[in-house]
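Here we start with a single chain on its own, the form predicted alone, put down as structure tokens.
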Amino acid sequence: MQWLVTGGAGFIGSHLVDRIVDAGDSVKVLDDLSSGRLEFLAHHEGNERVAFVKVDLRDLEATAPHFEGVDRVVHLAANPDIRLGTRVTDTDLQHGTVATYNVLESMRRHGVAEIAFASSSVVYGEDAPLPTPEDHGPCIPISLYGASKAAGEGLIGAYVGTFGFRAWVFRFANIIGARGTHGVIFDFIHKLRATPDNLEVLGDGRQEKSYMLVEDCVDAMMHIIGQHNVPFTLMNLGTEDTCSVRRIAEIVIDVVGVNAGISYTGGDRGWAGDIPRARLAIDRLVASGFQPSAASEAAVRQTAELLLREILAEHD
């Protein structure tokens, strides 16, 4: 099978490429390298089943030709920094909504009918019940990133209904692990390297969310794609518990090995559009026969250890 992965040189995408190759299939990676890194794919160099194309998905005519001969698309490319949308307000419109339309239209032009999409828990908005089931609605996102993910889901549903596509939409919890290039753990490690005696934490530290290892995320995606062949599948991907920002700060301080105090900027959230508490119901995922290998706190500690090694190696 010939896969195409947008954002395949990124954090989650590069791990998914690994799984596709391990399964014996071929994969074409489309990435503009704005946040992805070629070194994440370096171990596939020389493998004729892995092809890389640098392309800006906002350009339909540059994007479309690369979908010829593709059997299945996994669309992961997006702006990875939710906070950026508070400063550059068309970021998620361009890199999310427009890029998703261009992917779908490229598929239609070349007769590609299967797409898996990386959506997010943030589409549920702020007032959803916890844990949040997939059938909660109406979904009212409070960030521009969340709005772009909701728009992407809508566009995909329209192409399923209008053009006979088959789709798997995955609403991710916080996905963490090796090769991470942003997020709270990554930020905390860099802050502690700059100021080892104090860790500044945005908000009050009581923000609480689920964290899932990236290996579990991509394994869950492959598992669900392999067993669900209805026109439209919607699935939460996460863990059954949460970890607070305060606890993450304590774990990272311990892993880095410094004696740092913790100072909080105040308020109930880290930034405008941040959802202080999120936990996804994963009943559908578990019922499918998949169980995450690590709970949130264990995933946080493992990620902190991995990212610290990566950051130290990068600066040696």
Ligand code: NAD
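In this text the structure is predicted, and so the values were computed from the model without any measurement. Residue numbers run from 1 along the displayed sequence.
As for the form predicted together with this ligand, it is not shown, yet the points below apply to it.
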Do heavy atoms from each of 168, 233 and 291 fall within 4.5 Å of this ligand in the model of the complex?
no
Looking at 66 to 74, 34 to 42, 256 to 264, 283 to 291, which one sits within 4.5 Å of this ligand in the model of the complex if you count heavy atoms only?
34 to 42
Would residue 124 count as a contact of this ligand in the model of the complex, using a 4.5 angstroms cut-off between non-hydrogen atoms?
no
Though only this chain appears here, would residue 120 touch this ligand in the model of the complex if you measure heavy atom gaps against 4.5 Å?
yes
Residue 131 near this ligand in the model of the complex, any heavy atom under 4.5 Å?
no
Residue 9 versus this ligand, in the model of the complex: is there a non-hydrogen atom within 4.5 Å?
yes
Contact residue in the model of the complex, chosen from 58, 247, 277, 49 - any heavy atom within 4.5 Å of this ligand:
58
Checked 186, 101, 172, 159 for heavy atoms within 4.5 Å of this ligand in the model of the complex; positive is 172
Restricting to 83 to 112, the residues within 4.5 Å of this ligand in the model of the complex through any heavy atom are 95
